[in-house]
Structure formats: structure tokens, C-alpha cells
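A lone chain, given as C-alpha cells: the form predicted alone.
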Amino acid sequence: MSTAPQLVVHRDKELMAQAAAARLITRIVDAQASRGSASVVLTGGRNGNGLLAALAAAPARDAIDWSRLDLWWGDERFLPEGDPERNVTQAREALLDAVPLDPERVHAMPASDGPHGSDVDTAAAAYAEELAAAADPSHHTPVPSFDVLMLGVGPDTHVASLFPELPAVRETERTVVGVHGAPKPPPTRITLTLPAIRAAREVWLLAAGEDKAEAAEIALSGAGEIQSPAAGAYGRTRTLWLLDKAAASQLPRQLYPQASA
């Protein structure tokens, strides 16, 4: 069942990143207090990495017990380990290398020079198995109940590596798939599917900049998920759109929240 999206609009992308980082710290601390650990899905791109950099700079980051945090990824570029274009490489530079994480709980997606070689479909299936192994059997879902799953929104409304009209966004059974021929380089990728995304307690969609304004307007105005993957990304208890004023500039006034920072 989808949750109606909530919108928070910030003055600019820097304030958006700082506020989102503070919000994420609170969610992680609350989850650890109530369940002992927390599970978060990271996103790449300029907004995802901006959030991680803001989190690295936040004094409150020390409130998190980093050893009791599981990190996953929504998608990954199928490139060699350590490639600067890989989301996990960028995340390590922005935050992960600066905090005391348990390496066993940092679940990077396979690289193209990993144990599965250049077979992206086998690599995707292996990540699906890793997710299934971490799932709570009592929840009857093939992935963990992520506390927060973050997604950047592309100018074409893609989220993770789910692009409009392509096979991955139509997937209804598998939780992770290989992507061939993505319209954005590199063409070969691994991505969570919409069923995996919707298992999250909270889904946060990040959009900043004028180049995201049309995408936000389309996704929030009733578009279908095949044509607008961002429209199909929602959480079980909360769906939160975090925008700056530029990205929110084309939204209908009835969607625009009145009390935004």
C-alpha cells in the first residue's frame, strides 16, 4: 500500500543536505534505541553524496552507534572495485572511511572484477541473496525492513537505476536486477527494484536544482511508475520528498507545503 508523499522544501541544496543529514541521524538513533540496530539504503549522485558529506561534518553524528548500522545501496555502476564512479567509492570518500563502521555490515553491490566477473545478472542475483539472508523471517519479505531508503531523483524521473520504460522498472518479482543499456553512462548497472524499495519503512527522495524541477512535478502529479519511476517509489510508513526551492519551482501550489524551511 502506498503512503501519500510528504514534501519538505529547503532554501537551497546546502541547507537541504544539512537538514536531511540531521533527520537521518535522528532516524538511525531512534531505530537503534528501539530495535538495537538500524538499516539504511544509500544513494549516490550529487544529492546523495552531499547528504553524506553533511553527515560527516555534523557533530551529532557521534550519537550513532556506527557498529550497529547496516548499510546497503539502491544501485551501483557495474565497474571495477575502487573505480571513482562507483557509488560505494564516493560514499567512502564522503563519509564511510571517517566513521567506525563494522565492515561486515557495509553491503556494497558487487564490482565488475568481483567473484561474478562481468556477469551483471549473476552479480545482481548474489546481492538479492545477501538481502534475503539479512531479512527478518517474521516479516515475510525477501529484503530487510530498511529504516530509511534514500533515492536521488534524475531529470528523467529515474530512481536508483530504474529508468522510464526499461525492463527493470517493470520487474515485479525479483528484488535486484542487472541493467543493460542504461541511457545514462555507464550502461551496465545493478539496481534494487520497486518491490525491494517498497519494503522500506521510510523512502526519502532527494531532488535539488532547476534540472530536477520538471521531474518532481511529473512524479508528484499522478504519473505512472513505468513512465516515471520516482512515482512508484514509496515507503510502508512514510514517503518523504526532500527538495530545494529550485527543484520545487514547478510543483502545483496545492502540493507545495506552506511551512518549509
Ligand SMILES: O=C(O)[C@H](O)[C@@H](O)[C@H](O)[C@H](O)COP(=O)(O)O
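When you see a residue number, it is the position in the sequence shown, counting from 1. Quick caveat, the model's predicted, so the values are computed rather than measured.
Quick note: we don't show the form predicted together with the ligand, though the next part is all about it.
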> Using heavy atoms and a 4.5 Å limit, would one call residue 152 a contact residue for the ligand in the predicted bound form?
Replying inline: yes
>> At 4.5 Å between heavy atoms, is residue 232 in contact with the ligand in the predicted bound form?
In response: no
>> I'd like to know if residue 193 sits close to the ligand in the predicted bound form, meaning any non-hydrogen atom pair within 4.5 angstroms.
In response: no
> Closest heavy atom of residue 184 to the ligand in the predicted bound form, within 4.5 Å or not?
Replying inline: yes
>> Each of 46, 75 and 87 within 4.5 Å of the ligand in the predicted bound form, by any heavy atom, yes or no?
In response: yes
>> Only one of these stretches, 131-139, 174-182, 99-107, 154-162, has heavy atoms within 4.5 Å of the ligand in the predicted bound form; which one is it?
In response: 154-162
